[in-house]
Ligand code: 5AD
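Take a look at this single chain, the form predicted on its own, given in structure tokens.
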Amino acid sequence: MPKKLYIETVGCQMNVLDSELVVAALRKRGYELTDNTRDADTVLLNTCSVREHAEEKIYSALGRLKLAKQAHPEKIIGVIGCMAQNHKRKVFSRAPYVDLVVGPGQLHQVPDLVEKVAAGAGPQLEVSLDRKAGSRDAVERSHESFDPLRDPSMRPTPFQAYVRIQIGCDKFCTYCIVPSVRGPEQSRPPEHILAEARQLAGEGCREITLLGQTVNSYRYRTGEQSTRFSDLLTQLHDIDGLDRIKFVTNYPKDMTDDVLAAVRDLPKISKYLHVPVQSGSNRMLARMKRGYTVEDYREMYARVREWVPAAAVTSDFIVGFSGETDEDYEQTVELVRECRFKNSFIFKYSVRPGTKGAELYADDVPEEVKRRRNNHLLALQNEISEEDNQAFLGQDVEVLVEGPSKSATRAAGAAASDEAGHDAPPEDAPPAADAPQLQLVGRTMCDRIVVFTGNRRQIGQILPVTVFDANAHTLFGEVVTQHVGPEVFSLQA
């Protein structure tokens, strides 16, 4: 009888990809997935440390597993990912019934560690070296893990996949724990990336999303040869079977002209650029150690508009960072009004132990002020997004159909599931009509969500859709019916 695995993932796209790789490795050891912890022989929680809320969510989940472990001592419980690297043995002290704690750089060891626990070897801890615990080369080696195994069933959709091109980060923003838990910045060899992309295309993937903490900082050197990010995009563009190539997340100072030229000139490259600014105040940017000024960001943004006028640009913002005044915040509001981002991901500052921010600055902005600024900035961004989405009314857009919309899934009685991007607000679509067709959701080349009525045969296709309505987060449309000579050819057929 196959062993059963339950895995829960929180956090970014990197974690989603990590879970896919872990599942693929465990399948080779005879595991199959289950959607509940009661049936599982092994329960893995793939974790995030970017915000305190994400960590406490994991400890709450572990608390709920305590009784299951007492009733079934043979059940293996593991904490993997960024929180495992961050907390290390603290996980065992808060939840003594946990069997393994494994950092992002050791995920390829999970199958062996599970077998060790099952054989009675006791709790297992495998994490990377701390940044100051050895030479850079030694620390890099302890974090490096590019597992080639893939598992199509774990992807957002069968025809979309993430491809990691870079791990770690050397920016050391004062609010961010990532350089500690993901290690030094390392770019993956281009030939490995290309081989994985070809494999995915051969399995039916039409769209890949390249992942990196600062993805456009990618540069791989071997001997005298150097591969820039724009070079990698050009090489990926030539792969047969791939129709779309996205990439996240970008660093403003590395948005060079050669990258923008590739986005402009290569038809498969998505015209979607996620370039976090975090604050509109130079004083805050300096405290955050972001490495650029607001003037630098504006210059970069102007070049984006010059090279790729129709690009959709999105951003991240932290409100209530240590010492943020009303004047600092108003400068952020001014920048949002000026740039008119497609959307923004807005977070209240959460102090992270182990970061320079926690060491240097008091978390002195009251929670009420953080909440007010967060809600105000979110309302402004939603207003801008809705206004700008009105420009699409009456236009035809190309949509990669991802599957049933959330409301259609709920109407069918299934559990709601996250749409493919994992990084956008849910669409506010009305329930599907009582018709044999289905309400579907997809994304445009510039990553806008589109909802329309269609049928399951259209899932995975790229279709023209005419937009007839829009709100802040979603375009609503209908599939274009093409007329060919005297006959009517419908793309819905």
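Because the structure is a prediction, the values reported are computed rather than measured. Sequential numbering from 1, following the sequence displayed.
Omitted here: the form predicted in complex with this ligand. The next part is about that form.
Of the candidate stretches 34-42, 50-58, 437-445, 461-469, only 50-58 has residues with heavy atoms within 4.5 Å of this ligand in the predicted complex. Contact annotation for Asp316: at least one heavy atom lies within 4.5 Å of this ligand in the predicted complex.
Taking the partner from elsewhere, Cys176 is found to have a heavy atom lying within 4.5 Å of this ligand in the predicted complex. This ligand is not shown here, but in the predicted complex it comes within 4.5 Å of a heavy atom of Pro276. Residue contact with this ligand in the predicted complex: Trp307 places no heavy atom within 4.5 Å of it. The listed set Lys348, Lys268, Lys271, Lys406 contains one residue whose heavy atoms approach this ligand in the predicted complex to within 4.5 Å, identified as Lys348.
Exactly one listed residue, out of Arg352, Arg228, Arg287, Arg206, brings a non-hydrogen atom to within 4.5 Å of this ligand in the predicted complex: Arg352.
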